[in-house]
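A single chain, nothing else alongside it, follows as structure tokens in the form predicted alone.
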């Protein structure tokens, strides 16, 4: 399935891409490149931008790759169309960061029939035949949620908790598993209850909007469990406008997921209580798996990225300033 491609200059930020990342400059020489079609679910958050940048920085021409990036703008139909375009182009391998878990059987069977290997990145797919993809690389979202719940249990030690649950986009792996962890935690604690469960779609704007609406009707909660940093930033703005204190010594404890530099700064400043890391820099690990595959080696079906928890006590300004996302 090898093809010859002119060396292209990939000079794009994910904030700008809306289709294939290509450069129109004249070719310098003909080189056999390994072509990776990358279907990214969107550009809705700082995490997602860093995730795409990691892929762009990893799969470069000087390492023998051409990376073709398609941004689905959080629409699964766009992703399915992108994957079918990769089939027509005859790419060597497809990396799919799925917008949703369900709905992939048909198109992944088409990819399988075309003889193109697939690596699932970040989230998961729920398909009837797991041989449709080589490996699933990403975060242990259920593990992240369980660690957050364990931390909350240790920190509150029998207190009555009313938890406002700010959920990500419904049907995504991160939302499903982070929600499952909290729901299991609430079910196992007689002194925990939900003040509400609202959806912020993993964006700051939606997090602010839905939080503002909620606070107009209910301010009776003492924990905010927010499933990503961008929603947390929006929620904090709404809390400020409502005059509700939070973080160290505040009325509301805040747990947030992703641990971007901006969230870590809030944590270090005492405004967020716990940051649960979700590492977006997955490009190098994906490349390792591709190299193993090309060398004929067996690769694991599930690969989890190493991640950590952060409280104020775990942080220094040096750690935050050294964060690349």
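Numbering follows the first chain given and starts at 1. The structure displayed is predicted, hence computed values, not measured ones.
The same protein has a further form, the form predicted together with a small molecule, not shown here; the description that follows concerns it.
At least one heavy atom of residue 45 is located within 4.5 Å of the small molecule in the predicted bound form. Within 4.5 Å of any heavy atom of the small molecule in the predicted bound form lies no heavy atom of residue 206. Not displayed here, the small molecule is kept clear of residue 69 by more than 4.5 Å at the level of heavy atoms in the predicted bound form. Proximity of residue 95 to the small molecule in the predicted bound form: non-hydrogen atoms within 4.5 Å are absent; the residue sits far from the partner. Checking 289, 35, 266, 278 for any heavy atom within 4.5 Å of the small molecule in the predicted bound form turns up a single hit: 278.
The stretch in contact with the small molecule in the predicted bound form, judged by heavy atoms within 4.5 Å, is 174-182, chosen from 174-182, 82-90, 145-153, 211-219.
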